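Before any questions on how it binds or moves, here is one chain, the form predicted on its own, in structure tokens.
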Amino acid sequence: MYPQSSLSGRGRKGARPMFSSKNRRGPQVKSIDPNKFINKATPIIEETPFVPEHKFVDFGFDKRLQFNIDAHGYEHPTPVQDGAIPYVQEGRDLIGLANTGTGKTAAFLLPTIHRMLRHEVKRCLILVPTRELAIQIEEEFRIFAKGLSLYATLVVGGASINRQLSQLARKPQFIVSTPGRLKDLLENYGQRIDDFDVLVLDEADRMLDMGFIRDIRSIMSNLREERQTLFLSATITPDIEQLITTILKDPATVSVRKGETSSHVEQDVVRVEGGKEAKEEKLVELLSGPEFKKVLIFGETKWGVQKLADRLNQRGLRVAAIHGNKSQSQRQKALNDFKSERVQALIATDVAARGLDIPNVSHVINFDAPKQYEDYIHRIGRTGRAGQMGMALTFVTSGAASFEPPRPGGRR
């Protein structure tokens, strides 16, 4: 299945977090012990099917909204939807703990749309970590809000700010935004959000990981104090706990979160002797295997990711790249091509790939090993979903640099 000469062939499980020092002369650079990238997957065991307490028709949604739900084929809610929707309908603040791809978007969109149709709330601000996630939410909103005279505006970087200002002037009921662009509009363009009475923080842990905490606090200072706040996250960290205590009032908690590392992901290392050329050759060899059907490849820098994609395309492989230097239309095209399998592999930086929900990823390849173990957990969680087995491979070199050295300011 995989070239045995390059894989470790060991199934060491549960190795302790260990670090090694690579640069003894200058400042020490810590790297993750490669044994942490090796873990045998547990076979998929038939789980007891989730039996929801409700059907969607039981929530008492407005008939116009229920028509769109039925037309979309929704009948039974997912666990997070089943637990969260009643609280959101009641107007309660909410802490929703759930992994990506569990139906969180509908869990907050549907009851909020219902409350708007009933004139219980007027406007909703949804903050998300990435442009791609914002687009996914806006697309789902359009499905549920069809024919309801409710509108959403995307406020994200990489798109025309004048066009966004024009759309905001029409007072859309929903804004789906990344923190940086919205903060810019508030501080430099006089945009106001003091009439929003619902705030959604989606993928909150990722927003904090990406350094948006100050932007989030600045944005919230422009919101009215009397509001409903919905807080969605996959993890709870001390920073998140501190944020929760300051922005939520008597919140309900719904937790359907599963383990951070999928037990159905086979994890191993690919040992490469040599430099960047040897890594590229090994990657080409792997991608030529018939089982590598839909592969997400992670690199360290924006420049290195693009360079690798260009070289693989020159060699006749169907790959696309997604990183912060791409325009929004370029990023969306790469993502769509990967989802529809027009390309075999998507090469991405950590930041560009955060928040994306891509189904049926057969393999995750860490071409450049992550610097933080949390990033590794997040990367490999993109495969082995929805009751399927997955495979995660991490390149480990002997004294070799990454594919391309970082340029000044070139990370991610």
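From a predicted model like this one, the values you see are computed outputs, not experimental measurements. Counting begins at 1, following the sequence as shown.
Beyond the structure shown, there is the form predicted together with adenosine monophosphate, which is absent from this document and is the topic of what follows.
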Within 4.5 Å of adenosine monophosphate in the predicted complex, counting heavy atoms only, one of 281 to 289, 113 to 121, 182 to 190, 75 to 83 shows up; tell me which.
75 to 83
I need to confirm a contact call. Of 274, 158, 211, 101, which residue comes within 4.5 Å of adenosine monophosphate in the predicted complex, counting heavy atoms only?
101
Only one of 197, 215, 140, 268 comes within 4.5 Å of adenosine monophosphate in the predicted complex by heavy atoms, so just point that one out.
140
When the contact criterion is heavy atoms within 4.5 Å, does residue 357 count as touching adenosine monophosphate in the predicted complex?
yes
So in the predicted complex, does any heavy atom of residue 61 sit within 4.5 Å of adenosine monophosphate?
no
So in the predicted complex, does residue 105 come within 4.5 Å of adenosine monophosphate, heavy atom to heavy atom?
yes
At the 4.5 Å heavy atom threshold, is residue 367 in contact with adenosine monophosphate in the predicted complex?
no
